[in-house]
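In the block that follows, a single chain appears as structure tokens, in the form predicted on its own.
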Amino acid sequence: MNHFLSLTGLLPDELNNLLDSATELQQSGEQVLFNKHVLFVFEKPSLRTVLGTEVAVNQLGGHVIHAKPEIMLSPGKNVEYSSRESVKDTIRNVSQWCDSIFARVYSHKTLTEMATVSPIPVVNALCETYHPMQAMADLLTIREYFGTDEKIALTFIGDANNVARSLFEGLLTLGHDVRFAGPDSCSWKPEEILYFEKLALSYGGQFTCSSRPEEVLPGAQVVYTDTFVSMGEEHLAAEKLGFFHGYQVDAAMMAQAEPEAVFMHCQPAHRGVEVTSEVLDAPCSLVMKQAFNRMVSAKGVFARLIADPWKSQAENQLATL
């Protein structure tokens, strides 16, 4: 694993290795990133991803450098001439000083272009298609709450977005039961459903897609939702919100799941829109644990990618599989 752009293609043992490393590093406090430098480049705003990951790098002994996206990334407009250098030259220069690039971008294509030419690891801090760092925090939260051996049923209510896609990839790879309920206009494409079904078949899980929450809530141990309007879709807010009447997670919806079901949300949460304050602040809500684990799970990812002793150990373990 040279870069971390998504969870696509990762094996169960690779995911578990990342989660194990995160937990071990959180407990040991070992500074495996001593004298390592991570460059943060963010085209979109962030609270948890920036602060949680920066604390993770700092606690591991590393250093974070912030760069404005306009000095790192191509202008995003069709112009015949730009004063900015090529992505290849930019990344080659950055690699002279930094050990990794952590980028939040509008287009996944930007990340793939960076990774293609980058001699240092590129990590996806969110794009329009994936949010793998959030998924790692969620997988860690679920593991800590339910244990490492239990297979759980999670129901996601809402939009077929980047958070859901990465979460589903991780859960299905680890053999869990994933259910989705969202309006047809904001649901998965047939090829995406087929992909999730193939993941489930490969690893012993199950995937169900519906437009009716009541069909996928019974038996759910986790109920998860996210904003109905993702970053970059603000101009579509009125239209999209009109599709989601009846999809708000409230006490009545939680009551359709297992009696001891927990609630999860990646945040930022819009109280009174996709979730009520009653559910968000309830004892069954794991949202603050998810937020904390944004920091913990980041330790596993960056240690695996750029910390020599940990990277060598992980590669040796994977080589024996």
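Note that the structure is predicted; figures quoted are calculated from it, not measured. For every residue, the number given is its place in the sequence shown, counted from 1.
Not pictured, yet referred to below: the form predicted in complex with ligand NVA.
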### Candidate stretches 58-66, 284-292, 250-258, 266-274, one within 4.5 Å of ligand NVA in the predicted complex by heavy atom
266-274
### Task
Evaluate residue 126 for contact with ligand NVA in the predicted complex, applying a 4.5 angstroms cut-off between non-hydrogen atoms, and reply yes or no.
yes
### Query
So in the predicted complex, does residue 118 come within 4.5 Å of ligand NVA, heavy atom to heavy atom?
no
### Query
For residue 226, is any heavy atom within 4.5 Å of ligand NVA in the predicted complex, or not?
yes
### Touches ligand NVA in the predicted complex: residue 211 (any heavy atom, 4.5 Å)
no
### Query
Here the chain is shown alone; which of 163, 152, 199, 114 has a heavy atom within 4.5 Å of ligand NVA in the predicted complex?
163
### Task
Please pick, from 193, 231, 186, 241, the one residue with any non-hydrogen atom lying within 4.5 angstroms of ligand NVA in the predicted complex.
231
